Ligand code: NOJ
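One chain is shown next in structure tokens, namely the form predicted alone.
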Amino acid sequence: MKISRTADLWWKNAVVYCLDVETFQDGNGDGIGDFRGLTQRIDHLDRLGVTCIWLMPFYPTPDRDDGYDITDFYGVDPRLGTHGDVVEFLRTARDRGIRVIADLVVNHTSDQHPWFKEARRSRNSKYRDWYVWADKPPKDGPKGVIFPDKEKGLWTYDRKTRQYYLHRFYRHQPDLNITNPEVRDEIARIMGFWTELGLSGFRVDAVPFMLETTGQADAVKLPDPHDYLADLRAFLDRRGEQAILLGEVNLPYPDAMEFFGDEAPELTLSFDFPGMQAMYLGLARGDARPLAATLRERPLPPKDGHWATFVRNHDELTLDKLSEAEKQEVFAAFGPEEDMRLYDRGLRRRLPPMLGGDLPRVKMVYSLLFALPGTPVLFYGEEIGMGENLAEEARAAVRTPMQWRPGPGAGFSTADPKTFPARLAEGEFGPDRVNVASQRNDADSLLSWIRLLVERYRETPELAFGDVEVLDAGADAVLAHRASVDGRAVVTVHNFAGTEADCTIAGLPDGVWHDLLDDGDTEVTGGEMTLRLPPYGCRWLRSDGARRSPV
């Protein structure tokens, strides 16, 4: 693949930054983040090097699930602003070369959505078939309760119309029937509306659930759900300028690959959940081999597709792809207390507290994020090392207000902190110790480190576009991989252990390899590179391509 194609594939070397408008910056002093506040903070993201902002839901909502229960897909929640505020934000982002995508949450609606209110009025309602109904829950229907402490099943009885409706999540979030052509057309209109206003695509929520048709009447006769995803992608390709679909597909690699599409493109990017979980297992063990093995097994995405890599996201850090014994290892290392976990399937913590505030170790993990093959995705506050607040319920523990400066309101708002959407983190990771202002001009801070990583990543097309090979480093604690494109190569090495590690990598071109993260060169002779890495050390090295070692 030629580097000249990068302009047509902006997502392959993008730096994606996920944020919740509600918790990012309050612009009018009412204690709630809003689009005016976000627009005021756009320069922070520009200085960081962000090229794509991913907005969590900002639509009108009863807010029983942090905005994922939507009552109007075309609207803006009045607490967060107006359509005019959204357009002004999009214009400001565009002026700085930043694209914007938003959550597309069309697996379900709120039960307060006018469609569902009308659907449950009568079995003859024009919106009845916009949802999934059954006289009794089908035995061959979907399995697995997402929130076992809140819901006992996936079907809830509606007394007025004497049928059950399907909800893969909470009962106040009835599932849409995406096999209905009218629903499909409406979803396309929603996408068309927001791309017309300036969005560059969507992060598609809960993709496998959205496409599931098991248990529905005449399921065998229903159209292939993947054809529908391909239709959405084709619609987006027609309507948007290089717009993308970033999919949440938490499945093993063979199953996840289906959502990229075969003959017709579907998702543009898909989150690498198995890779994330293998990384945490490796961190718990101080051993890079779990991640190395997973990367070797990871299939190549389609020509124009890409995996999306992340250290954490807005949900719990799910560990469901690990064995039970492996999951317990991660729990013991990073979630030893019960309230640090969620449903015994994941962690509701941020990285720095999990690693005990060990800055060299935290920096190594973020170096790994930008070095791994894939598009890096940051969750707001990661650039400064924010912590969680376990006093908040469930996944809200990691969705606390952004910490801009010291003080009671953390620079997020001038209002009383009791009015904030969530309580600020406290103690060692609270705003008095962790904030943007104190790190902005500190060359040794995590914020400065993330800026450097972003800058080097954007200057290193080998990482985003190159052919990748996981290398044998001769040390269990060290992950090494090479990315090559257009005759240039970059080798990155990361030490997962808290002790020094010596590693030797063979089969490299002879010559001088330049360190991209620090001053210094490494000489390769006889095709071998020998390095001594400090505890949690990391290096990015680029070949000058002067000489080749003999085959």
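Quantities reported herein were computed from a predicted structural model and do not represent experimental measurements. Residue numbers run from 1 along the displayed sequence.
Beyond what is shown, the protein has a form predicted in complex with the named molecule; the following relates to that form.
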Exercise. The named molecule placed by superposing the site C-alphas onto its pose in the predicted complex: is the shown form open or blocked, blocked being 3 or more ligand atoms within 2.4 Å of backbone or C-beta?
Worked result: open
For this session: Would you mind picking the one in Asp158, Glu426, Asp315, Asp287 that has a heavy atom within 4.5 Å of the named molecule in the predicted complex?
Result: Asp315
For this session: Tell me, out of Arg405, Arg395, Arg128, Arg171, which residue has a non-hydrogen atom within 4.5 angstroms of the named molecule in the predicted complex.
Result: Arg395
For this session: Decide whether Glu248 counts as a contact residue for the named molecule in the predicted complex under a heavy atom distance cut-off of 4.5 Å.
Result: yes
Exercise. Could you tell me if Phe147 has a non-hydrogen atom within 4.5 Å of the named molecule in the predicted complex?
Worked result: yes
Exercise. Any of the heavy atoms of Ala480 lying within 4.5 Å of the named molecule in the predicted complex?
Worked result: no
Exercise. Wondering, does Asp65 line up within 4.5 Å of the named molecule in the predicted complex on heavy atoms?
Worked result: yes
Problem set entry | Segment assignment from 332-340, 252-260, 197-205, 133-141: heavy atom within 4.5 Å of the named molecule in the predicted complex | 197-205
Exercise. For this chain shown on its own, do Val105, His108 and Arg399 all sit within 4.5 Å of the named molecule in the predicted complex, going by heavy atoms?
Worked result: yes
